[in-house]
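Presented as structure tokens, the chain that follows is alone, the form predicted alone.
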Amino acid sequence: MAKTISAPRGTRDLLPEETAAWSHVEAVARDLSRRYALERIEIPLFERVELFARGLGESSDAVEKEMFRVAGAKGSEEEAAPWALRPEPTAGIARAFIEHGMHVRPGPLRLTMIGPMFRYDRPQAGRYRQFVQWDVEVIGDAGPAVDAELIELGHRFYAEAGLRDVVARINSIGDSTCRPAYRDALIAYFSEHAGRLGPDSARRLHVNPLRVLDDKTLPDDLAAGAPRGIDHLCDACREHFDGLRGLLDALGVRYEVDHRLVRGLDYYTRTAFEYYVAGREGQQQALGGGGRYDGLIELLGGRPTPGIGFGLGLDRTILALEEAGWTPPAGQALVAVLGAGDDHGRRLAIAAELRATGIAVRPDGSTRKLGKQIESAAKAGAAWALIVGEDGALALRDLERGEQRDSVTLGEVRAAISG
């Protein structure tokens, strides 16, 4: 017997019984996208490595350690081409914004997508090498109001998905005006404690000292004593952050200021935020997060254009729902069309007619005995069995109650199912 082949490590198959939760959270995201006037965009699954290196930062984990690089076919011109599967979507959306001249459109642009991302990370609970994010980007608005709107949108997503106790953690990491002084303060502080830094932080200290704060192995006391970005903000950044907090208070969004929150990508400026289940911040990864990236589009060759966005992990959302004991809402009742005879065409015609009215139907095309068909329908989750007799007459059986009505019309079937 040939050896079986398993899914790649860090990936998984979603089996039919697992997809109800996925359909639920995706439906919430798509409905909120409509209600918040977001337009759908799609970008390639892979881009040039240079895009991610310039946008995310050479020293970021996503570029330095977690990049899935892609080669072309052997012998082709692109065999050694520097492509990579996307670790996140913002850089690709910024590239599309520039490439297609989207700056001429009425702004700000409000964009959204749902799709897989890829990072070669150590697999663990809630962390996969292929994972799915709901992404939202607003490009062209520099004010704090859009920051508050997006943070409130993420908070609403978790609430409507079924997580009622989510808190947003926020911070401001300044901009090109005030961040250099903050960087110098971090370098000076951590240099005094260099012997307590891990190898990654020691190597990155003079390249991107903010990343040291993002190091999960950093001792708590060392992190607590580090200079705070909020104490080094320029007047404009402080005004922006104060405005954001006032708006979140007015919206009633639950949030906390986290001075250690810097996010892991170099393109962030000013606002940074993440979502956690309250009281469990130290027990799991963030459910999702995002921030402002006012310099990214210019960095990639476009005109100076402000932007802000978030990526919410659907895998982690579903895991948190399951841990909270959430169960998927009941779906539409399924009708099984069965037959005592062998007139399969009649069964399919009835199934097609019911489907045309919006009813979910599972026809049985077998020649098994009727009892076996009914048993199979019940196991498949059907609530009703519509039985086509050898004479063409219809009978409707409620599979849960075991009650049956004979000689029914399709109109009566529709009324019974919808009632």
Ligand code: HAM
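Counting begins at 1, following the sequence as shown. What you see is a predicted model; the values in this text were computed from it and never measured.
The form predicted in complex with this ligand exists for this protein as well; it is not shown, and the discussion that follows is about that form.
Colleague: Please state whether all three residues 267, 291 and 311 have a non-hydrogen atom within 4.5 angstroms of this ligand in the predicted complex.
Modeller: Answer is yes for this spot.
Colleague: Even though this ligand is not shown here, does residue 127 get within 4.5 Å of it in the predicted complex, heavy atoms only?
Modeller: Residue 127: contacts this ligand in the predicted complex.
Colleague: Taking any heavy atom pair closer than or equal to 4.5 Å as contact, tell me whether residue 347 reaches this ligand in the predicted complex.
Modeller: Although this ligand is absent here, residue 347 would stay clear of it in the predicted complex, with no heavy atoms inside 4.5 Å.
Colleague: May I ask you to check whether residue 240 falls inside a 4.5 Å heavy atom distance of this ligand in the predicted complex?
Modeller: Flag for residue 240 set to no.
Colleague: Should residue 89 be counted as a contact of this ligand in the predicted complex, where contact means heavy atoms within 4.5 Å?
Modeller: Taking the distances in the predicted complex, the answer for residue 89 is yes, it comes within 4.5 Å of this ligand.
Colleague: This ligand isn't shown here, but in the predicted complex, which of 106-114, 208-216, 244-252, 127-135 has heavy atoms within 4.5 Å of it?
Modeller: That would be 127-135.
Colleague: Please tell me which of 236, 230, 286, 187 lies within 4.5 Å of this ligand in the predicted complex, judged by heavy atoms.
Modeller: Checked against the cut-off, the match is 286.
Colleague: Quick one: from 95, 119, 155, 179, grab the residue that has a heavy atom within 4.5 Å of this ligand in the predicted complex.
Modeller: Of 95, 119, 155, 179, the residue with a heavy atom within 4.5 Å of this ligand in the predicted complex is 119.
Colleague: Hey, which residues along 20-48 are within 4.5 angstroms of this ligand in the predicted complex, non-hydrogen atoms only?
Modeller: Result: empty, none.
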